[in-house]
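Structure 1 and structure 2, given next as structure tokens, are two forms of the same protein chain, each shown alone.
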Structure 1
Amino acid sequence: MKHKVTYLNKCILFAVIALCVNTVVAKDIMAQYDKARRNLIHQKPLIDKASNKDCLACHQEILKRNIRQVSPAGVKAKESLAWYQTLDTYKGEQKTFHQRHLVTPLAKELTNLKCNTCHQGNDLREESVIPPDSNNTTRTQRKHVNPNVCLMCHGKMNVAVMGIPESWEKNGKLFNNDCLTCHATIRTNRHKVNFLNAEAIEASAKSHKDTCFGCHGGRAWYRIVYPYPRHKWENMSETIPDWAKNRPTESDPRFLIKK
């Protein structure tokens, strides 16, 4: 009996020690998290200079994470097509959101997207604890994204301004489904921003008709259009149409290509 009590006491002691160690480790982890979330790289002006390497040093799981092989409803990924796989420009298996934007062949060919293209960080004083996650209800860091950045590539096609009777899906055949039928000479000063590969886009547009439409209505998450800046092009008319009088003539400064 004495032996059993001694053994029981040892078990309790080990349990207490383990609990204390886990508590100390947990507090250390939270201290590191607190330090990281207050790192000035998450705020202006350092966020604009952050490289993908800087971001992925802590957030590398965003690219290592993969899609479900089987959906909650039992649908197998290999036996289904995602909407983006139906486009001529997309090749390969289904990928996660961030993989499609950063590391797929199409993303590397046509874009130069970086983490801080979309994520501009945030001030800890502004909603830094909302929404909470299931494991940590008080210290969740929000990854703010300005929806206008998404809108640039996921807005509705402005058929009214272009004078097309209906949507491109219905009337594209009138132009041989080729945007360059008109845009070979109209608004030719385009795509010259630091998150796009302008020359690659122009080359791809000549052989893949989905290249242009993909970002100009083909992947419309929104029901509104993006007011693209009207950069002056060669032989541009001096007369500004009513719909363009309030349009900017330059891209956002943070997207300009530094020479």
Structure 2
Amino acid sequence: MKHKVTYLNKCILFAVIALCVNTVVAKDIMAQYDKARRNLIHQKPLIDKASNKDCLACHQEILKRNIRQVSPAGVKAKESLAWYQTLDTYKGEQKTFHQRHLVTPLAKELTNLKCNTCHQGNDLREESVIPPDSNNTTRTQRKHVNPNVCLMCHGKMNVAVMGIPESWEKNGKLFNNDCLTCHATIRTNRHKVNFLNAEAIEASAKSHKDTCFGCHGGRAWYRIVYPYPRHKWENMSETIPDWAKNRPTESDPRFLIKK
């Protein structure tokens, strides 16, 4: 009997110790998690200096997580293709948003997007500016990104300023479906920003006529156009057209390639 009690006591003692250790460890994990969540790298000025590697040290889920094969309502991913997913540039299975912009073959070939190209930190005081407007572009809530960033690659094609009637889909054939028919000599000083691979884009456009359209109307999630900066180019005319009078002549400073 005495022997049994000791055994029971030992068990209880062990259980109590385990519970204590568990609570301490769990508390410690929660404290660490909270600390990480509030890490100042999520805010300015640190977010501007962060490399993808810095963010991925904690956020591997962003690249590793995969899409559901079947939606909660039972629709199979394989059976629900959007039109752009049928293009020959769309390689492989469906992927998450982040994978499509960071690691899929097309993204790697033509772009060099950084976490902080899109994620810009939020203003602790204002908490958020919703919707982010063109006068307050630098401090949108950190889980939100400024849609102007997306608009650069997902806006409508501004055919009006190009003297192209109606749409590219309808009238591209007048120009051999090739943007370079005109853009071999017009606005040639382009894409010199830290999130695009300028040379690879020009090289790709020579063999794939849809490369340019892909970012300038072909995947237009927006109905509006993006007012691109208008860099000087060789042999440009001195007269500035009315629509271009308020345009910047340089890319946003945060996108400039540091020499």
Ligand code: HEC
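The structure displayed is predicted, hence computed values, not measured ones. In this text, rigid core is short for the largest set of C-alphas that superpose within 1.5 Å between two forms. Here, a residue number simply tells you its place in the sequence of structure 1, counted from 1.
Participant: The same chain appears twice here, once per structure, so which copy is the form predicted together with ligand HEC?
Facilitator: The form predicted together with ligand HEC is shown as structure 2.
Participant: Taking the rigid core as the frame, how far in Å does the Cα of residue 72 move between structures 1 and 2?
Facilitator: Displacement of the C-alpha, rigid core superposed: 3.3 Å.
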